[in-house]
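One protein chain, two forms: both are listed below as structure tokens, the first as structure 1 and the second as structure 2.
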Structure 1
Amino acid sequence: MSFSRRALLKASAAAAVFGGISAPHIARAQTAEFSYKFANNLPEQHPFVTRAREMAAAIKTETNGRFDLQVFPNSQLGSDTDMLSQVRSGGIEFFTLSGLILATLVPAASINGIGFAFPDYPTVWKTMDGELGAYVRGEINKAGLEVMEKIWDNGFRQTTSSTRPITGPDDFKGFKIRVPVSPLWTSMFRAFDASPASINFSEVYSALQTKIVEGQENPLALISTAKLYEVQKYCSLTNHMWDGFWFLMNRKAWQALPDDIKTIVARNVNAAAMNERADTEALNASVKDDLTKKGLVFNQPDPGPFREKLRAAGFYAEWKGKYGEQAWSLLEKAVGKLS
């Protein structure tokens, strides 16, 4: 008997045993009072998805099977643009989205993506768990969506390319770069004189592979787990913005839950966000060597000239005007003077 066949038989014997033991759980699952979908754009291997699945299991246990949360990662239910429409209409109940993309609906939500605003993670969490985060959540509520308190980490974004490394702002001139669908992203890369193309994450790998664009920018954890290194050669540690995911909920679906279930869901979602932050930050910090082995060539440019270029292009002044005095002063209170 081959090893794999033996393993298969063993596995099915185990399944029979555990199937028998867990039969009551299966029965309970079938009678879940609430069966909700949680959609997101992240690859299965990303720590985000591991924590999301763990959270869904904990919620099911703690609600005695009354609340069943199904996790759909990897843009399985559509692109970010599609999923945002679906969470608004109720087609999906829960959805995590970058604040910068959410800004197509809630303009204030892109404010954390202002170029070079955050020096480090402690400042990010102080700001997003503090007054600026509360302000953005208020704006999200005004737009008709519910949002959990804790934002999940995507990370500090780095720039990859198949053609040339980015060593300073001049290398961005004419650079064909994919950016997510978001006015702030387009504006920032126009300020660098690049040629940004708005493309949903679900299409990024193939856009890079077919060379529709030369490069893209994302945190290392995502460059690794989405295997973007397979279709890119250079990685420039530009650290040009921090990006995170707001946990959004369809309002009617949230309001339909009894208070005891709401409490369990909120506690577990926010706890998962905290664990995901720790995992993702650690992966962003540790995965560079692995990516080097996989063939990416790294460089670390000085951020100074990039900031200067944005300032000279009027980027900070323009966005301060768009966000307005209140939001901008909350940002500057947390990170220091930007414009």
Structure 2
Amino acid sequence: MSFSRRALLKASAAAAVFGGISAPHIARAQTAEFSYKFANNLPEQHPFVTRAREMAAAIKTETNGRFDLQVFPNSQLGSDTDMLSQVRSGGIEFFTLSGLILATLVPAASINGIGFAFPDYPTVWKTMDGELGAYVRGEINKAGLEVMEKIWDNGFRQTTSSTRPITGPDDFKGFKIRVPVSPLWTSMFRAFDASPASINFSEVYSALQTKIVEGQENPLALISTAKLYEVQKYCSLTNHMWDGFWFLMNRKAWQALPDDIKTIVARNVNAAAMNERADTEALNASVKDDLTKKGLVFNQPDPGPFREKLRAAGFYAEWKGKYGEQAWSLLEKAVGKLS
């Protein structure tokens, strides 16, 4: 399936500001034996939502209308924190959430965001579809939620700058960079001797324009939609952090489904995740070409020296202690020695 890049970039811009005008509430089918809500924070035009709607339609067809899944994108049912609370209480049956945010409930869920753990997508999927992903799902289960096997893609984060390309860890020394409010982000950039500043996304463009900060980090689609190329010259494909969306389910709602419906739902949800992964990777590639035409200068540094710097600064040792030996050993088994 192909998607309009213009539509997707507009969609990503909407996602960046966490909200927008919600679509009308869709009436539930009255004949369904089970009518469940699936909430997420992505805008209508995003391939994530397109695949979710395909998935819902397929499930309804394969169950002969017994299972009706209503998709609520664009944070229609509340903020991520609100929706996490609702899926725990049963107000929402299904919900997708970033592992970095889910970590407020399941600390192990943010481990995929460890700096420079993943050099590429094949390593991501080997890890998250493998033993570490299974471990995190087990921790999610312990927290009282059910979770699907396949994690959906939220993409790699890249570094932009108005002053210099980031070719190695030394380029981060003294570098004034905007980061989201998160211990993981702040800890990593401080380990590089950078000067991270927590700034709301709505203020990022002006902060870059007025040189309050030199650079920032975000996925390529967001760099494009926010027009950060207008106030940034370089984009270093650091791939310094990857994140995805776990497909979460209220336990009672999931257990209430007959086994045959569970099988159909799980098969279609996991297949949709695989399709969305391919869509997201293709979108990032097309956005890179577009940004190059707009004058952004790209480079792709070797992740090795960055890992060495983080190791020497004690970053990996610190987070190994927070995640515990079991989780950390599974991460290193997939990506190689970090600590």
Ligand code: X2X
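Here, residue number means position along structure 1's sequence, counting from 1. Just so we're on the same page, rigid core means the largest C-alpha set that superposes within 1.5 Å between forms. The structure displayed is predicted, hence computed values, not measured ones.
> Which number, 1 or 2, marks the form predicted alone?
Replying inline: The form predicted alone is the one given as structure 2; the other form is structure 1.
>> Does Asn74 shift between structures 1 and 2 by 2 angstroms or more at the C-alpha, the core having been superposed?
In response: After core superposition, the displacement of the Asn74 C-alpha between structures 1 and 2 stays below 2 Å, so no.
> If we fit on the core, is the Cα of Gln300 displaced 2 Å or more between structures 1 and 2?
Replying inline: Shift of 2 Å or more: yes.
> By the 2 angstroms cut-off, has the C-alpha of Thr238 moved between structures 1 and 2 once the rigid core is superposed?
Replying inline: Yes, because once the rigid core is superposed, the C-alpha of Thr238 moves 2 Å or more between structures 1 and 2.
> After fitting the core, how far does the CA of Arg311 move between structures 1 and 2, in Å?
Replying inline: Here Arg311 registers a C-alpha shift of 4.6 Å.
>> Give the rigid core superposed Cα shift of Lys211 between structures 1 and 2, in Å, rounded to one decimal.
In response: Comparing between structures 1 and 2 after core fitting, Lys211 shifts 13.3 Å at its C-alpha.
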